[in-house]
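First, one chain by itself in structure tokens, the form predicted on its own.
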């Protein structure tokens, strides 16, 4: 999946470019497609059952097929497995949903959950107690990201988070013994680096209007102790003590007052920023954690061996929180309508998202195969996983930061309509065309307007 991202498929990003703005379409779909969820209870692994139709995107296809084969061998339940490239996956799934194609289990992005749930295409799985038991070992933000309107829609299979990385050689050259722990210290260390000629713009931020932007913003806001919206979905970003204004002000000052972030950050995408960091142009970077492996690969990075992870710096009223994203195994509503099919689908969800033969086999396979992060805490104790992580990063640091990841609080059916306005508002403040408070107020007012309209 990391390779998919580099090829432009955007798989391992927190992709949010889903056409969430089609409110009337979703209302119509929800009314036409909503179904009553059966209330199944778990049955034993009796042999046999209806053929289950499973759809994924084209990641680790051989690993998925092998795990499917093992499931059928263990349960006697046949599985019809299909996949599509990530770039086409969402649209192909929407076509299948609308056309009534046979679907039982599928991979779902957390960004699509509100849309698909509102349309009645997927059903909650929280009436299966054996699936809910896995929440005790899952990261909280993963469980929260699979929950919509109080119902849980699946089990996780992949997760990642926004990380704060630094070039250790530049830290030492500047005379510091440790990376910055606060955003204030980021400024302090960066100013020393500028003075010593170590880096013109020590902090790399990618603030271009692209799918990654909400992850960068969320990490900044969360680490400043803030949120965009409250638990009821009402905007709180405009309130000065809620972190968003403070976070944006830090970026504005970093660009315009301190000169530690390039003014071109508003035109810098995630990939170009990553390449600039890998080329040694910066001392600090906020990028997805999975990028750590590439950055410490001498064939891909000029600073390989020097890239370390620190906890996300915290604001004056914040903590080391960051933003996380995830993908999960979900159940189609048509499967939930039939008790036997729902039970078989729930078993398949457990086989992939929970334990198979007593272990989190699939999530471990994915990590060892393609480096995909996992959302269950016990795997951090697995010797093979620890050894693989330690080859390019600090597994204890990764675990500690993942424990402080938070779900994106703006994933709603109207996110797509709000996102562009929000991004433009932040960029306007960074460019000095407005102040931070006014920019965030504009975003907040538009958010509440969309929420009311929806």
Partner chain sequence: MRRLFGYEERSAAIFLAPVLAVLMGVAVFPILYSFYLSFFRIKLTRPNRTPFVGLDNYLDLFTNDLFWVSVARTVTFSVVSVAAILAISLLVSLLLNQNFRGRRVLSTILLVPWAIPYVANALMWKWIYDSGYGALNGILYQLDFIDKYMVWLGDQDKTIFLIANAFVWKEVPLATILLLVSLKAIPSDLYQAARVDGAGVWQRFIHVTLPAMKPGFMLVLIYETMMAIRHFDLFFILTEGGPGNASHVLSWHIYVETFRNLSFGSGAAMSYVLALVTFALSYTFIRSLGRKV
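Computed from a predicted model, the values in this text were never measured in an experiment. In this text, rigid core is short for the largest set of C-alphas that superpose within 1.5 Å between two forms. Residue numbers count along the first chain shown, from 1.
The form predicted together with its partner chain exists for this protein as well; it is not shown, and the discussion that follows is about that form.
Proximity to its partner chain in the predicted bound form, taken as heavy atoms within 4.5 Å, picks out 413 to 421 from the listed stretches 383 to 391, 413 to 421, 396 to 404, 63 to 71. Although the partner is absent here, residue 166 is not a contact residue: none of its heavy atoms lies within 4.5 angstroms of its partner chain in the predicted bound form. Its partner chain in the predicted bound form comes within 4.5 Å of a heavy atom belonging to residue 201.
Looking at residue 266, you'd find a heavy atom of it within 4.5 angstroms of its partner chain in the predicted bound form.
In the predicted bound form, its partner chain lies farther than 4.5 Å from every heavy atom of residue 178. For the options 376, 94, 131, 372, the one in contact with its partner chain in the predicted bound form, meaning a heavy atom within 4.5 Å, is 94.
Of the candidates 359, 98, 340, 191, 98 is the one whose heavy atoms come within 4.5 Å of its partner chain in the predicted bound form; the others do not. Three-residue candidate spot 170, 236 and 439; no residue lies within 4.5 angstroms of its partner chain in the predicted bound form by any non-hydrogen atom. Contact residues in stretch 418 to 434 (any heavy atom within 4.5 Å of its partner chain, taken in the predicted bound form) are 420, 424, 427, 428, 431, 433. Comparing the forms between this form and the one not shown, the C-alpha position of residue 176 differs by less than 2 angstroms, with the core used for superposition. Annotation for residue 96: C-alpha shift of 2 angstroms or more between this form and the one not shown, rigid core superposed.
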